[in-house]
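Here you get one chain, nothing else, as structure tokens; it is the form predicted on its own.
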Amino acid sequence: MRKTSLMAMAAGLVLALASQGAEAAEKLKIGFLPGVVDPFYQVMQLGVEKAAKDLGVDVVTQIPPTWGVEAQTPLLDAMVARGDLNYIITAPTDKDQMVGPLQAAVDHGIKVITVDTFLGDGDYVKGPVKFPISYIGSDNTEGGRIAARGLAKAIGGKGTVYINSTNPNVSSVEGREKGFKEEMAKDFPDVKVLGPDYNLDDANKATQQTAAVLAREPNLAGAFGTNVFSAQGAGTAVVNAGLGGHVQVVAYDATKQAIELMDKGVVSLVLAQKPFDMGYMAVMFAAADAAGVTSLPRRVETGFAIIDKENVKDPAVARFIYRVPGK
């Protein structure tokens, strides 16, 4: 859905709930279970909390210290065991392995909304997994295509580039890798793509992996970091090797560090997702569903802001940089 449609929907939901005195919303208790601790999910949490405040609903937040089914499932089980949650907003850490635990939550009477990552193939109408109310997040395959075009332009349309990613079988980064490779193969045949390597959401490991590639590929032209930790690690490795400006980096997620690396000439393009919108809209969807709205879309794409050296100082663009109060 386009941004204008998304914002119009949000406004409509607010008005609809306000007209009812938000009586249904006041009774809601929503669980928020993101994927891990990082700036992206911290901004998403701000969106969740703002919507909860606007609607007067209660939110219970549990944040896994590390990424993975093993870290996320016990927190999910504890949320279900509380017995007082009506909805859970979550970013599944595995598109297949989290189906069972989240189905168990549904079996206990809790409705599920997925944000950032989805279950199955993400088609909750015709796909294998249908129980979530909606997926709210980026079109990550398109994001990968945008990253490929940006990196290809930065390196002059030829050379060897490298993908550093996070975890296999996660819908978001899987889509980014797919879109990146497809776009390079389709429109940039003179670009060779290496990777991905998986850093398991460890920026230090991403640095080590990228450094190893730089060592064995002295003519490496660019790198694509598929999330916060990947971009941070790839950028750090390039800086440590003294190759800033020679090896171009495209960063997925607009962290403060990614913008600092852009200022240094290391990062040429940053794709800013809209995590605040994802969190805010998810709470709105829960409240609307509780109020009896039956026409909620099963998939909402929140779009991107593309940040480069030319527009990074523009307030209309800079507002999409991930900022967490006090950090």
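A residue's number is simply how far along the shown sequence it sits, counting from 1. Predicted model only: the values in this text are computed from it and were never measured.
Quick note: we don't show the form predicted in complex with a small molecule, though the next part is all about it.
**Request:** Quick one: from Q248, S172, S165, Q209, grab the residue that has a heavy atom within 4.5 Å of the small molecule in the model of the complex.
**Result:** Residue within 4.5 Å of the partner: S172.
**Message:** Please identify the residue among V238, L119, V228, M79 with any heavy atom within 4.5 Å of the small molecule in the model of the complex.
**Reply:** Only one listed residue qualifies here, and that residue is V228.
**Item:** in the model of the complex, segment of 55-63, 261-269, 295-303, 37-45 with a heavy atom within 4.5 Å of the small molecule
**Value:** Going by heavy atoms within 4.5 Å, the stretch is 37-45.
**Request:** For the three residues W67, D253 and Q273, verify that every one has a non-hydrogen atom within 4.5 Å of the small molecule in the model of the complex; reply yes or no.
**Result:** Per the other structure, all of W67, D253 and Q273 touch the small molecule.
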